[in-house]
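Single chain ahead, written as structure tokens, the form predicted on its own.
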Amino acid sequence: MGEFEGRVAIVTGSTSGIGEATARSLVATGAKVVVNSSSSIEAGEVLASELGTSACYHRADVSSEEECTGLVDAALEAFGRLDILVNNAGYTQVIPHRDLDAVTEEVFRRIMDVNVFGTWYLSRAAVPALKASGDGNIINITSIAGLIAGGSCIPYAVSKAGLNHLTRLMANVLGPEIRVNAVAPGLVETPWTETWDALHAAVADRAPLGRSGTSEDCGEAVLGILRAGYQTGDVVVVDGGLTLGAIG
């Protein structure tokens, strides 16, 4: 029997990076997982096939409330219950913070639609099933960009700051049936950041642990929250100490 045997999770944006590592970690500990993406359908189907009978794939764009409802319904149809929701799907663009004019309304709205409204829509749709679980968990993947004046662009940082506070607000009203926490990574080695050599080098130079994070580091943080049954409303920073700042 695995540690999370019998538990069912939805992990959004789980065809690569942090989402994929989280899905794999959950399956390795006995859980069943609904793999999700909005566009990389083939990758999602391949991953679900690799994970065997412990996984299925469902395409949904979390910025659509209707598709969020369909994603929850798909989990219940496939596995009969829902215990864990990992809101990992996100969107950004790299725009220098000083270049205010480059932030179009379209860019700002798309980032907020996916990162904030998507998390809100899916969490709200999942609440009845998570309450029925008896040990429901929502874990939002945010970013240290929501805690400091940094990140890939201003709208992204604003969206992650909003998610951090949404985490606390929902934790305050959904207990005791549902715990709500967040994981806030620093720079992580993913397909999205694989060409950011200078930034990875800067993090390695500044962070006390001497490297960027990995997707597996974030997946382990998710498991840690699931194991900590008295933890809710927390934003767990996973950045190798990067945000501690210089000492001396």
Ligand code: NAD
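Keep in mind the model is a prediction, meaning the values are calculated, not measured. For every residue, the number given is its place in the sequence shown, counted from 1.
FYI, the form predicted together with the ligand isn't displayed, but the following is about it.
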Fill in the blank from the handout: the ligand in the predicted bound form has a heavy atom of only one listed residue within 4.5 Å, and of V114, I178, C153, A129 that residue is V114
Handout entry: Partner-facing stretch of 179-187, 23-31, 203-211, 47-55, counted where any non-hydrogen atom is within 4.5 angstroms of the ligand in the predicted bound form
Key = 179-187
Exercise for the section: Could you confirm whether G17 comes within 4.5 Å of the ligand in the predicted bound form, counting heavy atoms only? Expected result: yes
Practice task
Using a 4.5 Å heavy atom cut-off, state whether D61 contacts the ligand in the predicted bound form.
Solution key: yes
Exercise for the section: Find out whether any non-hydrogen atom of N88 is located within 4.5 angstroms of the ligand in the predicted bound form, and reply yes or no. Expected result: yes
Handout entry: Exercise: S40 in contact with the ligand in the predicted bound form, heavy atom 4.5 Å
Key = yes
